[in-house]
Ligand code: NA7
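Just one chain follows, in the form predicted alone, and it is written as structure tokens.
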């Protein structure tokens, strides 16, 4: 199989980044990777990726750069820190960020890219690590339509749906709104389970009824088993959901929109995060009622 022409750079090899990179390699793309903890690159290097010494080296080797890191400080560090990627991005290249950060940071990156003749998309994802493994992520995209058209063949290797939502920053805005809903849904489910189990009724009975009602949702399919079994292996870590709720509240503050339910939920996620000794899935919010 002939490799597609574009050389791809990938920065960030966590729960999502590693399987995304593996799908790119399987599709035949030459891949250069970097991660703060280099050992996380071993699986991709064994599959044929090249490990770079810095974000700058990745950008210099790439026609298409993809970043997916944990939070805004991590992204700023990768782009503008020591040996940062921004200074080495090639004129005419495409840069896609799939981290979840603020819309303001997405616009700042867009402006910096424009000065260098680089086209930028903010394209956060949803679908959990299982979606990343299957290549079935959903991309929420802000930026120019023409840039998306060119990036589409590469994004389609990793995702099943690409939503173009408006100019740079729009992808991040929708992602923060989406994650607020997911956090509230799981929080509400945990609260309801606490109520019925305290009344002496098995939680499974509530879930069974919900599956046949208006309350049915994808979240119920994926997260209810975690809550019922009290098992929280991270598919979407609680620490990242906690960060995203903070970003949503910051954005709401800037826009003058009250988010009382989101604010209340973040307090509960904060309490569980503070008490956790290990990395947990965000569905571990149930532990607020267990302890």
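Worth saying up front: this structure is predicted, and the values here are computed from it rather than measured. Numbering follows the first chain given and starts at 1.
The next section is about a form of this same protein that is not shown, the form predicted together with the ligand.
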{"item": "Contact flag, residue 266 vs the ligand in the model of the complex, heavy atom cut 4.5 Å", "value": "no"}
{"item": "Distance check, residue 32 to the ligand in the model of the complex, heavy atom within 4.5 Å", "value": "no"}
{"item": "Close approach of residue 74 to the ligand in the model of the complex, 4.5 Å, heavy atom", "value": "yes"}
{"item": "Residue 121, heavy atom within 4.5 angstroms of the ligand in the model of the complex", "value": "no"}
{"item": "Stretch in contact in the model of the complex with the ligand, which is absent here, among 251 to 259, 221 to 229, 58 to 66, 35 to 43 (heavy atoms within 4.5 Å)", "value": "35 to 43"}
{"item": "Within 228 to 255, the residues that have a heavy atom no more than 4.5 Å from the ligand in the model of the complex", "value": "236, 237, 239, 240, 243, 244"}
